[in-house]
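Only one chain comes next, encoded as structure tokens, the form predicted alone.
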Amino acid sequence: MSLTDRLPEDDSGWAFLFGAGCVLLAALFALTPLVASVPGALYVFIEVGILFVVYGMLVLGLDLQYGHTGLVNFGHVVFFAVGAYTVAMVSAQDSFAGISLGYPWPLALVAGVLVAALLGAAVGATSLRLRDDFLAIATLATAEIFYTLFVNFRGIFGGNTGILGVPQPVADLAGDGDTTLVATLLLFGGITAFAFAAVTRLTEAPYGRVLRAIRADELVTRSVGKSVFTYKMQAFVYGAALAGLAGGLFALYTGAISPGFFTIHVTVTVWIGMLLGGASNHRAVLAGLAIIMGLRLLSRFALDVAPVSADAFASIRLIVVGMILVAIIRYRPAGIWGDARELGVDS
């Protein structure tokens, strides 16, 4: 068998290969004397890149829930936050406020994923039989309830201060700041690629066709003997667990968390990215997320030359982004790369 025959033939195979390469490179930077030097002008791009790959896991989970199953989850940030808080509380040492148990970070990361998945199961069990608009309200309310708990229960969650002293394993291994940034971007990028491979394999299997059938018509799917609620619950829990993993990795990167990291803006960003690129297409939702985060990044530089104040510029930026979204929804309602026929929208 030649080397060409051994190459992957589908997106999931290529994503797995790409992810393995990224993780291997990250290990080289973190575990060997190899160091990276990042020019000062590129720092912001790498930091936004790290945030992009973390949010990439969120948008992949949301696409599994909404794009493939039709579940309108407006509280996706709560699973991201619960994963981050669980990792912080289990692994942090001598935090200024809140609980810090000091257990090893791998155990904390597993706990973060499990707690987010359990919360997803609890929310799903009580909400997934609701109509789409009521499900959206219920998940949004859940996110706001947890945000209030994080702010007001200072003895447990640290209040507005949050939880400090969270381990930073990549920084501890890599040593200097530049190498840490590069190794973190590669490692998180690799994990996001693995997540892409997993959800792609899942949705391209017969299981994914059942999910899309549920999104298209629940009654027809139920009439052929499929348990619609069970499939919905599984998709919801998978998305929540992926968000919990993203939150846990985010906590281990920042070394500290606070409620300000987990506002409704996170949910809005991943929803806009998904709708912009095209729901039900994993590559498209990642591309849409890259566009919206790229617009925000480029607008930072525009502030330096804009003849207006920072507050006025922030408002103008929101207006411009809003107008772009309105134009896309008007002329490409399925998203830039979305399939209008599959999503059942008028093009």
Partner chain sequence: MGLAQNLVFGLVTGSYIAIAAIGFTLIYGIVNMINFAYGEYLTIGAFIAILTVGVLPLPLPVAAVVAMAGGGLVSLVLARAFFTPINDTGPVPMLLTSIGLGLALRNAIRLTAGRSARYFDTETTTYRFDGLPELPVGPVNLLGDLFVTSQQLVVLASAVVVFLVLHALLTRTDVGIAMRAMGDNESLARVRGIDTQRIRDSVWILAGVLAALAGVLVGVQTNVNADTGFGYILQILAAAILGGAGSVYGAIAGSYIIGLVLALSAAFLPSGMTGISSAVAFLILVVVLLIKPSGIAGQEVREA
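The model shown is predicted, which means the values in this text are computed figures rather than measured ones. Throughout, rigid core stands for the largest set of C-alpha atoms superposing within 1.5 Å between the two forms. Residue numbers count along the first chain shown, from 1.
One more form of this protein exists, namely the form predicted in complex with its partner chain; it is left out here, but the text below deals with it.
- For the options 227, 93, 152, 161, the residue carrying a heavy atom within 4.5 angstroms of its partner chain in the predicted bound form is 152.
- Between its partner chain and the residues 141, 99, 110, 173, the one pair within 4.5 Å by heavy atoms in the predicted bound form involves 141.
- Heavy atoms within 4.5 Å of its partner chain in the predicted bound form map, among the stretches 179-187, 237-245, 252-260, 119-127, onto 119-127 alone.
- Mapping the unseen interface onto this chain, residue 329 counts among the residues with a heavy atom inside 4.5 Å of its partner chain in the predicted bound form.
- Contact check for residue 103: every heavy atom lies farther than 4.5 Å from its partner chain in the predicted bound form.
- In the predicted bound form, no heavy atom of residue 191 sits within 4.5 Å of its partner chain.
- Interface membership of residue 304, defined by any non-hydrogen atom within 4.5 Å of its partner chain in the predicted bound form, is ruled out.
- Residues 311, 312 of 290-312 are found to place at least one heavy atom within 4.5 Å of its partner chain in the predicted bound form.
- Residue 298 shows a C-alpha shift below 2 Å between the shown form and the other one [criterion: core-superposed Cα displacement of 2 Å].
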